[in-house]
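Just one chain follows, in the form predicted alone, and it is written as structure tokens.
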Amino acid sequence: MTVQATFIEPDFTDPRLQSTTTYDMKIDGKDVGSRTGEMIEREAPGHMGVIVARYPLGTREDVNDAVTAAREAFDTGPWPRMPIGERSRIMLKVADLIERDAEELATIESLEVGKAIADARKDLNGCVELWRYAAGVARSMHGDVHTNLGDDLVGMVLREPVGVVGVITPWNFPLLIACERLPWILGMGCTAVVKPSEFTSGATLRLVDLLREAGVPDGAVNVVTGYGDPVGDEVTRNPGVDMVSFTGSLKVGRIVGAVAAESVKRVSLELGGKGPQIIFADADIDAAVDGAAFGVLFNNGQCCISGSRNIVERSIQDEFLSRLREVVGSVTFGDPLNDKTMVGSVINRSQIEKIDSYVAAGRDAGAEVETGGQRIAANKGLYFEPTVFSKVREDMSIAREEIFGPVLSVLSFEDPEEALRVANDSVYGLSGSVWTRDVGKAMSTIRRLRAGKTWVNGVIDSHVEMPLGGYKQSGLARETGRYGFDTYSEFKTVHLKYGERKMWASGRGR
């Protein structure tokens, strides 16, 4: 008998829902309203009908103002010229302020994103660690000196900031992803114009208040709110922007890359994923089952590194599914503001309809629903039951396409070669996991898995010291870790000649 996850009814009387926050954009150190007077209203996805935020409807002119401010801050302002020790101290102060205001920021994230408040608090812990790590490692960023080029020649490689960076962030981890970008951008001495998602702009706007309080100069970080067209498009096209960092869907990432290519802008793209979890028969099955559930249900499956494809060795498939039903049945989902909630709401109506359509397509194609598969009544909020499919074939849409919801597809394999073939048969290559007690098997499999972020006997875990980025159509460049600073660096070669020059013109024929 299938056990369904427990639904926690949303509490519409929660005091955190009783007011609406109206925000301004942040341009050149000033709070800026809408030029047109128009605002975007954000309805809480976990509490339908409740407006929790209003953001200005930004325009191309607003982006141009923000780029002008960031350009001036980079070209003539103090931030890129500040000794790294001073920049580092300001970044550490930012971390302290995020830690101080963590509960406020977590509440904003929970209300706007619909994520479980417990997860939002963990995100804030991650934000603090990102700023502290980057503040320290930025001090070790340097160039090179080559003294073996000749007796009278020294070669130098100068590491310099890339310039003004346009940062376009998604709705699923609005603050965490901003904090995976901005500390590296600022640590290198760059300046930024940020375009957050129109669904979840609040925490990013509050972050800039904290940057200002910490001592980041006016114009170094600017935020323009609004829609992808025109705001995101202008951030990408504007000639004052030297580089674009985009996190979001493959579809939009292709557009961003194409537009940036018109002016040969550098791009960093973190795009979609369809993360495989290869589970061998010798794995710790309890750990693997728990990882399978967490891998697809974390942040309601709205996670680019979600482990949404389980590829299970056939000899343990029945036992695996039986235990997986039990684990998913123990999950609580529902009211994002409830401390007991493990899985919150879906971001918006179009996304829950997309999830619903994929589940219907899976059923129609012959896959079997082991648990879940249904929407909760719309008047309660945007909630979808944690869902597990078995009898999934490789050609099904639920096995190939990024659903971005709490839907897990379970496939099977006979031998390691088949497992790797299935895992790598995707346009995506962002993440992947291998579950086995055999270290040799684990390493031989993980080294052939075409993905940028991988785990052995784990899933989703992230550490600030490690780089993040994808293979194939999951993206370009790397964020975080020490490699993240290379993404926002230019490298200039300098040949310093200090001996007498051997003349080319006057010395010919002699």
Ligand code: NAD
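Since this is a predicted model, take the numbers as computed values, not measurements. A residue's number is simply how far along the shown sequence it sits, counting from 1.
As for the form predicted in complex with the ligand, it is not shown, yet the points below apply to it.
- Comment: 172 to 180 is the region of 384 to 392, 122 to 130, 172 to 180, 95 to 103 lying near the ligand in the predicted bound form, near meaning a non-hydrogen atom within 4.5 Å.
- Exactly one listed residue, out of Met188, Leu430, Val407, Val434, brings a non-hydrogen atom to within 4.5 Å of the ligand in the predicted bound form: Leu430.
- This chain is drawn without the ligand; in the predicted bound form, the residue among Gly295, Gly202, Gly166, Gly273 with a heavy atom within 4.5 Å of it is Gly273.
- Taking non-hydrogen atoms only, Gly334 never approaches the ligand to within 4.5 angstroms in the predicted bound form.
- In the predicted bound form, the ligand sits within 4.5 Å of a heavy atom of Val256.
- The shortest heavy atom separation between Lys195 and the ligand in the predicted bound form is within 4.5 Å.
- The closest non-hydrogen atom of Glu213 lies beyond 4.5 Å of the ligand in the predicted bound form.
- Residue Leu468 is the sole member of 462 to 479 found to place a heavy atom within 4.5 Å of the ligand in the predicted bound form.
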